[in-house]
Each structure stands twice: as C-alpha cells, then as structure tokens.
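Only one chain is given next, in structure tokens, and it is the form predicted alone.
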C-alpha cells in the first residue's frame, strides 16, 4: 500500500465514518424536511459537503485532543493518533483544515446555516472535549448539543429560518444521544475508569444510568413523533415511527428492569437503527 493510501486510511478511520455518516444523514433529512432536494440539487450537495467536512473535522480534532486518554483504553489504543501512526501536528492541521473549510462553505451558502454548523463544531470540540469530558459525566449533554446541530442546520437552510419543528427534531436527537452514549459507557466502563474519564456509571452507578437511559428514550421518542406530526406526516408513516419508538422504549425499560449485557448491546445497536429509520421516514414523507 502506498504512503498516500495509508495516510488516507488512517485519517478516514479518525473521522469515525459510521458516526459521521449518521450525523450527516440527520442534517440532510433536516434539509429535505423543508425543501425538495431534486430541484435544489446544488444546495443539498453543498450542504452535504459542508456538514461532512465540519463533522469530520471536529471528530479529528477530538481524536487529537484525546490521544493521551485513548492510549490508556483498550478499545482505542490502536487508533492512529494514540498508536503514533500519524504525528500530532499533522492531525491538528488536518482537523483544522477540514473544520475551517466545512464551516467556510456553510457560511458562504447561508449565514445562519453557517452559524449553526459552527456552533455544533464549537460545542463538540471546545465545550465537550476540551472543557468538560475529563471533568464531569454531564459532558455528554453538551456533546449531545453538538450532535443535534446538523439536523437543525439542515432544516434551517431549507426554510431560511429556525422553526419549532427544527428545534423539536434537534431535541429528539439531543435526547437520543444519551441512549446511545450511556449504553456504550456501561459496556466499556473499565476502559473509561483506566483513563480517569468520569461517566454516569462511575459517578452515579448503573441503576441511575439505566433510569436515565429509559427517561431519555421516552422523551426522544416523544419528540420525534411530535416533530413527525408537525411535518404533516401521513398516519401510515406516523404509525410506523410510533412502532419504531415503542421498540426503543421496550429496550430502554428492559435495560432498567431486567439488565443484561445482551440487552445493553441490543439497545446500543437499535438506537442507531432507530435514528436512521426516523430520518428515512422524514425524507420519504416529504418527497
């Protein structure tokens, strides 16, 4: 494998493609909930490019900042940043370049869209990673704010303004993130403890964490259904979204009252499937 191809492979892994792809999907769904993509192809391609670069850039910057604690955790010690496969300065430059270009494109397209994209990057890198991650378990809330920005940015770009539906969709993503993140922190509790990163399980115990997941899942499902209703989603699609939401709730309550590693892993996987399916329903409904 050539040096260039190896470098690309390392940096591609540092963008966390699945996570970046899911957040990008929410951003595009947000745009398509407000405007038809077929007759606005140039705009949606620009939105996709700016969101991808900004999300990927913030993720690379997070990897650069967390390289020391990643080296202490079994699941992350082989990352290119923590294993020395790429240099610290090079990672910083790539992360900054992707971020600046992504936000720059967003601002050039629309000032409000660019501001929201920048807010997502700022909350992710500065507030979550640099300021709070090593200090408090509640950092996930502020990390969730950054995860909610793509869908709000996409809808705002489509409408030209912020509306209650966009805020409700963003709230749904914000409340969904603890379901995804807290199940992960329970599964890898020993890794986080080894790196001295505070988590809900280590700070408040598994019982409180499971209750938090259940409450967050209920509120996330409710927000997504309300947003679907606000979008004028047909009853058939709304019922399907409700069924998907019930599945999320059943797993959340199962992990609260009958916890097991299997249920925990199932909820972690289903949470991602649920959010992707919800975004697909939003897109299909408005097409």
Partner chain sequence: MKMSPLDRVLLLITGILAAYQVAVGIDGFDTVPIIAYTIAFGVLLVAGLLLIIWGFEVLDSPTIVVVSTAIPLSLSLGLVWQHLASFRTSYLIFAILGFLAVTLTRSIPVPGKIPTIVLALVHGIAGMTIFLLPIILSVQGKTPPLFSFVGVGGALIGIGGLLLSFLKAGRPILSRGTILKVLPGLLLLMTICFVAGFKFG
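Residue numbers count along the first chain shown, from 1. Keep in mind the model is a prediction, meaning the values are calculated, not measured.
Missing here is the form predicted in complex with the partner chain; even so, the following discussion is about that form.
- The candidate stretches are 241-249, 60-68, 219-227, 40-48, and the one lying within 4.5 Å of the partner chain in the predicted complex by heavy atoms is 241-249.
- Annotated contacts: 9, 12 and 16 are all free of the partner chain in the predicted complex [non-hydrogen atom within 4.5 angstroms].
- Taking the partner from elsewhere, residue 21 is found to have every heavy atom lying beyond 4.5 Å of the partner chain in the predicted complex.
- At least one heavy atom of residue 263 is located within 4.5 Å of the partner chain in the predicted complex.
- Contact check for residue 237: a heavy atom falls within 4.5 Å of the partner chain in the predicted complex.
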